[in-house]
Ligand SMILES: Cc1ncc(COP(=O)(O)O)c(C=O)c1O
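Only one chain comes next, encoded as structure tokens, the form predicted on its own.
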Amino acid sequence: MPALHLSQRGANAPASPIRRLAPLADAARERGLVVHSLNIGQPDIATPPGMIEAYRRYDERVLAYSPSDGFRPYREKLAAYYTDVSREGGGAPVGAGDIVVTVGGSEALLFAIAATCDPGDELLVCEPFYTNYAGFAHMLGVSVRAVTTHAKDGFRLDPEAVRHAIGPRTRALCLPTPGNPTGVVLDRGELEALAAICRERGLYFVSDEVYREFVYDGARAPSILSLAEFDEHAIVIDSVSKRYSACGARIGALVTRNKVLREAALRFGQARLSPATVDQYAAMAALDTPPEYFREVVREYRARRDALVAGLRGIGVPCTTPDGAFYLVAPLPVDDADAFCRFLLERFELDGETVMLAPASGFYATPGLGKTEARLAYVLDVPRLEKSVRILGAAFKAYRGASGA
């Protein structure tokens, strides 16, 4: 009988640095340890009550398909939201026909890459980057070309470095703002400079804006939807997961005024049939969430950020203070962050507790980069973050002793 072989695409698919240590965390919990999960962007913030109530109210006799691009009433309500976002910078209105509702922001990202790049083309990113950019590019036979940003510069992106990195097969620029994993927020001048480069070189600009509301210290997160004369290039990726602390709802959106690209995304949507029916009703209710909810959430994340940054610096870990989102990338005082993260879960505890981090090497495309860095998500309350920092401080000493450093 002939042997079975995986495709090269399947065999070489990159493992998620965010989730691949999960079996070690499960084993630690089975040993009775409390594991503080700073590896994943799963907030403990309460989902808005109106969204939860919408699930309870659903009482249709048949749980039917929705349209492939999502329910029109939901898209119309989303269009009003994005029109407000666009007009913050003087941009044009957004219509329901500019939106495809997707299965989470992840599917929106997959559709955007698939609609802009052919196999063998390149997606331009800045590293460290959200790992799924590389994961979906790999699924589609697309290469990732990276512009490196550095902690010493606050992970800020130089638009001229982007210009010089563009190659003959580069088709799209994909950036998050506010950023995952660094928390960088692109200001309007940076967005306009990058947009000018995309116009000049004929690139799409895929803007991942799922953390739009989470900005601190007076920072603003302008949307590419607000840029003038950029409609054909601009694609926004969005999601309810982080905005409403509803990661399990799996509802996102691809937003573009480029009618041809939107039609391509719709055809991809038709192939997967439809986004979830009940979750769209809940997401539609979430759009009525009052501003006070976000003001309180932003205050809470800012307090968590400040506690984590101060705590890390207090144990000798220098780190940049993020402007937005709820992540930071920190250089650890170890020789190998991946080995240290495994050590935390397999061999270390402090009073029956340990910490789970995401090694940062998987957030880079350039080999060797991020080896001593980790991404930390400040999605736990301040007392648990402070306890996590104490655990890390003790773990650094134990790890150095165990490795003979």
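Heads up: residue numbers just count along the shown sequence, starting at 1. Small disclaimer: the values here were computed from a predicted structure and weren't measured.
Below, we turn to the form predicted in complex with the ligand, even though it does not appear here.
N180 is the sole member of N180, S86, Q280, T256 with a non-hydrogen atom lying within 4.5 angstroms of the ligand in the model of the complex. Listed residues R250, R212, R145, K77 were compared with the ligand in the model of the complex; R250 is the one with a heavy atom within 4.5 Å. Comparing 191-199, 238-246, 258-266, 114-122 against the ligand in the model of the complex, the single stretch with non-hydrogen atoms within 4.5 angstroms of it is 238-246. Not displayed here, the ligand is kept clear of Y301 by more than 4.5 Å at the level of heavy atoms in the model of the complex. For the chain shown alone, L328 is not a contact residue for the ligand in the model of the complex, no non-hydrogen atom being within 4.5 angstroms.
For the chain shown alone, Y133 is a contact residue for the ligand in the model of the complex, at least one non-hydrogen atom being within 4.5 angstroms. For the chain shown alone, P275 is not a contact residue for the ligand in the model of the complex, no non-hydrogen atom being within 4.5 angstroms. Residues of 83-116 that come within 4.5 Å of the ligand in the model of the complex, judged by any heavy atom, are G104, G105, S106, L109 in sequence order.
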